[in-house]
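Below you'll find only one chain, the form predicted alone, shown as structure tokens.
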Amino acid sequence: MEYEKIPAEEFRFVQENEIIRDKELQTKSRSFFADALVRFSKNKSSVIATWILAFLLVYALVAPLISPYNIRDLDTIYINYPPFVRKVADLGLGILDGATSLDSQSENAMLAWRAIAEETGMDPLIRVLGTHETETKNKGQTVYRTTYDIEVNSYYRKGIIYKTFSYSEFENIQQWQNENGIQVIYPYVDTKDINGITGRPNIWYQVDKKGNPVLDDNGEFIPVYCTNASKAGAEYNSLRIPSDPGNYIYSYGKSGSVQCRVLYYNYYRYVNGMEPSYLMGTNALGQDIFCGIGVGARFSIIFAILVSSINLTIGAVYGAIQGYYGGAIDMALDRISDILSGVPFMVVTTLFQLHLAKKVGIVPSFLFAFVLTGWIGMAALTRKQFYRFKGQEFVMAARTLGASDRRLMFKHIFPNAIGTIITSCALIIPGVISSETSMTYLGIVDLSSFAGTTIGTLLSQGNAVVTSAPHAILYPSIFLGLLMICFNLFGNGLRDAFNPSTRGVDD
């Protein structure tokens, strides 16, 4: 083995004649919660879930405030209508245009859509998706038939409706028309002039016995507006349609009131002071779904937090007593928990709604149903944590110094278990929301009279029209799904962050 020779002039002692002391730590100490925050921030899925969850919570708080509608605003005409915002629809982007797909529309049906556009100036036809040619035999002759697959604007499609007004209301509408220059009332059509056909207020033109349009030689509609002044219900001194020669009748007398043909889109503007604007469409009650999801989510979240807080309090105290004292006390309390845990939640909820709700109200009775057995899981978790920590050295030292049982339980043991308990509480919240949604979805509990609506109620309403109005169930489902997933990812992140075994461990 060879050794490297170092010249004497290059050899010197390090720290010669220097007193060596311990150096002060250069890094700052971190608290338990600060350390947990660092570990939580390294969990990317939990961080993303937290941001999404924050957005959903803000939506629940803000949506009912910024929506132009109140949850109590119900429209009896625009029921299960798709999303529509006119300014966006006019851009032709194919979104928020109130589009509804219709298949196999005949030539006569296409004429009916054209007739609405000509009379009201609002064309229901958005686009033609496809054209189909069919060939049939009729009395030995070949008949070719063309059908169309189209998209129509549901709000323009409604067109004209029949509406009965008092004389004063009839005057008010005329005044509003004059002030705003918007036509609400359209010329009346006598059913005798359209072959006695009733229930089709959008017919203003000559039709055959089947209700199909009869066109003139130029392929134009032939108006059949009523001109019989003796049938007029009240005097009309307001806007007239451009083709009116001055003798069209705009109302029909009916038992102390007048019946009119009203363009509902403009009548909506007269009643509400704005055009219909539904960012997520409407539900079966004519409510704004955008507002409804916010109202329902706000109730669900507040209710879930309240239930979790109550169950945390009861379960923590109950479990602390079990875990700290053990023995006969633990066994007796554990048997009580076993008995209560065997009671089915749905049975409890149903019985409380049938009997207790009449005395204390729907929401308190529903709350009692969750609290009756909901604390058992929290109690079991707290009990386990107390068994884990009560034999530790710091507890024995505090007991030696004369600390009381109460101080040992809630000043020494409980703070060390708080991380696990908080995590479990965060995971309980989505479970409560899920249970509450299931109960309202099934109709076991009806909270609409108190909260206005709930996510479960919106899902139930949307489920009934899932094929004709898929938006009614789509948006509540997306919101609920995101809420459940994000709450669980957030809770999992908290669980890992508060795990004492990973404290101070860097990935």
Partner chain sequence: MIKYAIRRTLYMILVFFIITLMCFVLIRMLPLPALPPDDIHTEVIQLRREALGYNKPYLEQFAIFLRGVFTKFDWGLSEQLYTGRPVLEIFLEKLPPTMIVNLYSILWTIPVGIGLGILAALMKNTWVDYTISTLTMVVISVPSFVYAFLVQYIFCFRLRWFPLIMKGGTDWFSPAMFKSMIPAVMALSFGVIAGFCRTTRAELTEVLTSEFMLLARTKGLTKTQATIRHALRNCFVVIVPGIFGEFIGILGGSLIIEKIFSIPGVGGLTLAAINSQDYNVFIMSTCFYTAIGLVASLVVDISYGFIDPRIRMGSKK
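Numbering follows the first chain given and starts at 1. Since this is a predicted model, take the numbers as computed values, not measurements.
Below, we refer to the form predicted together with its partner chain, which is not included among the displayed structures.
Only one of 437, 153, 251, 385 comes within 4.5 Å of its partner chain in the predicted bound form through a heavy atom, and that residue is 437. Just one of 403, 143, 418, 343 comes within 4.5 Å of its partner chain in the predicted bound form, counting any heavy atom, and that one is 343. Contact check for residue 441: a non-hydrogen atom falls within 4.5 Å of its partner chain in the predicted bound form. When its partner chain is considered in the predicted bound form, residue 229 lies well away from it, no heavy atom lying within 4.5 Å. Although the partner is absent here, residue 399 lies well away from its partner chain in the predicted bound form, with no heavy atom inside 4.5 Å.
Though the partner is left out of this view, residue 274 does not reach within 4.5 Å of its partner chain in the predicted bound form, counting heavy atoms only.
Although its partner chain is omitted here, in the predicted bound form none of 85, 107 and 211 has a heavy atom within 4.5 Å of it. Here the chain stands by itself, but in the predicted bound form one stretch of 50-58, 466-474, 66-74, 34-42, 466-474, has heavy atoms within 4.5 Å of its partner chain.
Contact residues in stretch 348-364 (any heavy atom within 4.5 Å of its partner chain, taken in the predicted bound form) are 350, 351, 354, 355.
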